[in-house]
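Only one chain is shown below, in structure tokens, and it's the form predicted on its own.
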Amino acid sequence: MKNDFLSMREFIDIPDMSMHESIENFQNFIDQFEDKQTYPYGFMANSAVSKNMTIVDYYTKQEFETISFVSNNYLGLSHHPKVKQAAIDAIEKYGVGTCAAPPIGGYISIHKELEDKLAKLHGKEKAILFNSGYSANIGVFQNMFNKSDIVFTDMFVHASIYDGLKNNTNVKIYKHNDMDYLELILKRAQGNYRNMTIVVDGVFSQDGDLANLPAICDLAEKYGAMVFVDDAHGAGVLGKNGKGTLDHFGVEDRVDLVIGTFSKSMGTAGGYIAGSEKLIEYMRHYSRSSIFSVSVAPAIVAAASKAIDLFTEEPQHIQKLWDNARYLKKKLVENGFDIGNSETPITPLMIRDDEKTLFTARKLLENGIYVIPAIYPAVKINDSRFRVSITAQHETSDLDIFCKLLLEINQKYDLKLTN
């Protein structure tokens, strides 16, 4: 298969092209998807986003009954009866929304209860809620630093961190998990800035590997830097009873701020930050994405709170997730597929060819497997893959079907996906 697929990078900031001309030119990128019927925004579910999904084909309007590997609902708690009932009960008591921001009447008792529960989960004193993990990162990084400060960030952190940091402070990006280079740039910066802060993901969302938090904390203490960790994919997955990546490494007391989301293990939507009482109170007054947004809906708050109760008190949910992840990883590796350096249930199936990745995703869908191709800008150029999202809902038979179909498609179309 010839790889002449144009990436989005080739359509960004074209000199001397007006906005209207850029939009017209971008249609060339969209048109590429038509021949192979792989337009990434073209597929819609006619069902809940779960292990089994009914997908409507954008092109033919045909419905496919699929086994899905697209959701980060790691523990399957978005469909747990107790989580759903908690949301229903909250709607009955508080209504479907507050219609007010936290400082002007939108802060209610269940917000405080969930904040306390999140602080305890991460070994911190206090927490604040946001409407998404994205807005939590924006709320932290747009307001905490300025040009007197410098932030050191791993090149693979989530896009929301980069968006929060844009134009607000000095940023130094270091090669993924390269502790030698991180120490070099910390040493060079020491004494030249008001604050130095190291920012990482606990679990990196595309590769599924972990930040080297013990080494990062050592360097932070050596050079006088703070440490902020986005643990979106760690909470509910790693650590004792799902306490996250900080607990997994035993560094809860060495990390200044934790950022998280309800949209993964907690099965809902929304975000939060947790840290010391004084730091959180500072952010409560300065974080614009909290101050000027309506407070998180009561049903979401109640559902997330119940989800935390479940995964901290019923470890079988996390155990099932890890059993499934280990089983699928083993089968993929035994069959010659490249899953990178994943250490978590996030399983990247590396293809490194955009056109081939899109084509394979289409053929899998036609055969009842729903996976999402990750191409630029979600990943680096020539680093395309499937991010296979394994959950506790999957059965061994689902994982076997996925591997069997992947092998059959690889052989039938001579895709050369295996070593």
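Start at 1 with the first residue shown and count on from there. None of the values given here were measured: they were computed from a predicted structure.
Just so you know, the form predicted together with a small molecule exists too; it's not on screen, but the next bit is about it.
*Asks:* Taking heavy atoms and a 4.5 Å cut-off, does H158 contact the small molecule in the predicted complex?
*Replies:* Heavy-atom contact with the small molecule at 4.5 Å: present for H158.
*Asks:* Whether V301 contacts the small molecule in the predicted complex should be assessed with a 4.5 Å heavy atom distance threshold; does it?
*Replies:* Although the small molecule is absent here, V301 would stay clear of it in the predicted complex, with no heavy atoms inside 4.5 Å.
*Asks:* Is G239 near the small molecule? Define near as a heavy atom within 4.5 Å, in the predicted complex.
*Replies:* Looking in the predicted complex, residue contacts with the small molecule do not include G239, since no heavy atom lies within 4.5 Å.
*Asks:* Given that the small molecule is not shown alongside this chain, does S205 nevertheless sit within 4.5 Å of it in the predicted complex, heavy atom to heavy atom?
*Replies:* S205: yes, in contact with the small molecule in the predicted complex.
*Asks:* Which is the contacting stretch out of 332-340, 189-197, 142-150, 224-232, given heavy atoms within 4.5 Å of the small molecule in the predicted complex?
*Replies:* It is the stretch 224-232.
*Asks:* Counting non-hydrogen atoms within 4.5 angstroms of the small molecule in the predicted complex, say which of S71, T347, N324, S263 makes the cut.
*Replies:* Selected residue: S263.
*Asks:* Just to be sure I understand the contacts: of N168, S293, Q85, S132, which is the one whose heavy atoms reach within 4.5 angstroms of the small molecule in the predicted complex?
*Replies:* Looking at the other structure, the residue within range turns out to be S132.
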